[in-house]
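As structure tokens, one chain now follows by itself in the form predicted alone.
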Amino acid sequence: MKIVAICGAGIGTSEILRVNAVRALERLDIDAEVSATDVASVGSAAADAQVILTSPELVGAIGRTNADIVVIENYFDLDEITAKLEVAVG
């Protein structure tokens, strides 16, 4: 399973989201490849992804995808990330 976390620049907040997604997946006992990228690269970075994690502001910039888009309101809220990933991949 491939999961891609995105933010505007692909440097800071997407990395925070990636790290917390890995922690959430550990809670769920689910193995997945989780990467971070910027919104401009999401088309190529998430071409074969099953899930894209992002903020509400960037949903419209993602474009066409076959991945499930999971909107995370608070990148630091491990409970929110765990609950939303459980629905998306569980």
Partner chain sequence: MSFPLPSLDHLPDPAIALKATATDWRSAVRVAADALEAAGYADASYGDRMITLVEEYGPYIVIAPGLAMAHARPGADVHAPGLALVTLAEPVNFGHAHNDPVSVVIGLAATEADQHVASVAALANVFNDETIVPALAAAGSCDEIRRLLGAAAGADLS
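Residue numbers count along the first chain shown, from 1. As the structure is a computational prediction, the values presented were derived from the model and not from experiment.
Another form exists, predicted together with its partner chain; not displayed. Remarks below refer to it.
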Exercise: residue 13 in contact with its partner chain in the predicted bound form, heavy atom 4.5 Å: yes
Do residue 45 and its partner chain share at least one heavy atom pair within 4.5 Å in the predicted bound form? no
Do residue 33 and its partner chain come within 4.5 Å of each other in the predicted bound form, heavy atoms counted? no
Can residue 39 be called a contact residue for its partner chain in the predicted bound form at 4.5 Å between heavy atoms? yes
Sequence order please: the residues of 66-90 with a heavy atom within 4.5 Å of its partner chain in the predicted bound form. 73, 74, 75, 76, 78
